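Only one chain comes next, encoded as structure tokens, the form predicted alone.
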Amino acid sequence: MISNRVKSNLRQTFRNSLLPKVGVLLLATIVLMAVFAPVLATHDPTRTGYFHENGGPYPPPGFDYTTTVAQGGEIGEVRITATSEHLLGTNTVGQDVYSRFLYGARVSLLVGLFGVSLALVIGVPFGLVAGYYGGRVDDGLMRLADVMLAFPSLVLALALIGVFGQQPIRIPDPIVMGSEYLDLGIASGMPESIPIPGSVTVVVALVTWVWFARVSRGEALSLRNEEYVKAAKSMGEHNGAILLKHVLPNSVTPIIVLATIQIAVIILIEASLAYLGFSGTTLSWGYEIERGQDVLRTRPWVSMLPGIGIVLSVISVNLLGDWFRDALDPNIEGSERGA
């Protein structure tokens, strides 16, 4: 589906620009951390009670603080310092922040990947049919898409969550299962399954499929009058076969670019829903930010690390999207030559 010319443009753009390299490095790092979370994590991310002996969560290095405790009938101040046992401290309920960061990356990336895949399955056929047939079919289908666009994404997502509920889907963790046969050095007590917020995944797909429909419709409108499409029709080829064999392969370039960018959008939507308490799982960056908002002044590390994770994930995916756009869109090269 991707021609040799497009592959050559991708390689050339990657070699000539620093930003795609940064995006690939950031995203590869986050993906590896998410995949090997059970190996890299030092504690069970769901276990609570990791507090300093004098009370209060452990801080990361550089965030030492003082707390008031009763000692021998007197009230005094005790300084809480970082410990090597918890590299990035613990949160307000005594959970290891570093381990929860790794497992939170899993949820964000999986929801982004599955959400975009489902949105593609819904939106691309919808848009291709509308653009290819045109007329009343186009008007009817795209008016439905316009209705979906009339609702703010987050409001629509909250309404759909109310319909589908918040029950997560749990799938066995292959890394933990593999540790039974391979010595992977996994700490005891690691979760044996990955909680995927299934409702959130469906919801973000229902919120974002419209953009894929609009892009694929535009491509189908321009391609339906091409000579090879007319030739296929004159030879008696069925419309469905024409869509699959001719229109879809030649529409894939802008769809790839949009899919890459939409992953970042879905990561933000999932974090927003988790922040509001609608994710269905507590192993989420958005949930961690909400947990630390009340102690942001005194214990900022609780929300800081998941916030950094969201920012870096979105930036890395957007950098990849820009790379694909620059390499795959011939209009950009033409405009630069004209300048």
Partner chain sequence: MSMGKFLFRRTLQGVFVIWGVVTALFGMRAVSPGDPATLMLGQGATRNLIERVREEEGLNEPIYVQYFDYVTDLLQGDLGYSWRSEREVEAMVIERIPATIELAVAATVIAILIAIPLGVISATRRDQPADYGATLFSLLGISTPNFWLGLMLVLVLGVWYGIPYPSLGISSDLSVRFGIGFIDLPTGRRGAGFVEGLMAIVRDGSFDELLTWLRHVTLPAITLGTYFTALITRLTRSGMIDEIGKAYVTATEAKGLPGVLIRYKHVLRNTMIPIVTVLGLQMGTLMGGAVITETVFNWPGLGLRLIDALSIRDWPLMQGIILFVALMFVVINIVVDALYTYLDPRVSVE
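Numbering follows the first chain given and starts at 1. Computed from a prediction, not measured in an experiment: that's the story for all the values here.
The following text describes the form predicted in complex with the partner chain, which does not appear among the structures shown.
Using a 4.5 angstroms threshold between heavy atoms, I315 counts as touching the partner chain in the predicted complex. Shown alone here, I171 lies farther than 4.5 Å from the partner chain in the predicted complex, counting heavy atoms only. Of the heavy atoms in S303, some are within 4.5 Å of the partner chain in the predicted complex. Among residues of the shown chain, L10 is not one whose heavy atoms approach the partner chain to within 4.5 Å in the predicted complex. Taken together, the three residues L160, V163 and R214 all come within 4.5 Å of the partner chain in the predicted complex, as judged by their closest heavy atom. Only one of 150 to 158, 187 to 195, 75 to 83, 107 to 115 places residue heavy atoms within 4.5 angstroms of the partner chain in the predicted complex, namely 150 to 158. Here is the short version: of T67, T298, T48, T42, the single residue with a heavy atom within 4.5 Å of the partner chain in the predicted complex is T298. The partner is not shown here, but in the predicted complex the stretch 132 to 148 reaches within 4.5 angstroms of the partner chain through a heavy atom at R143, D146, V147.
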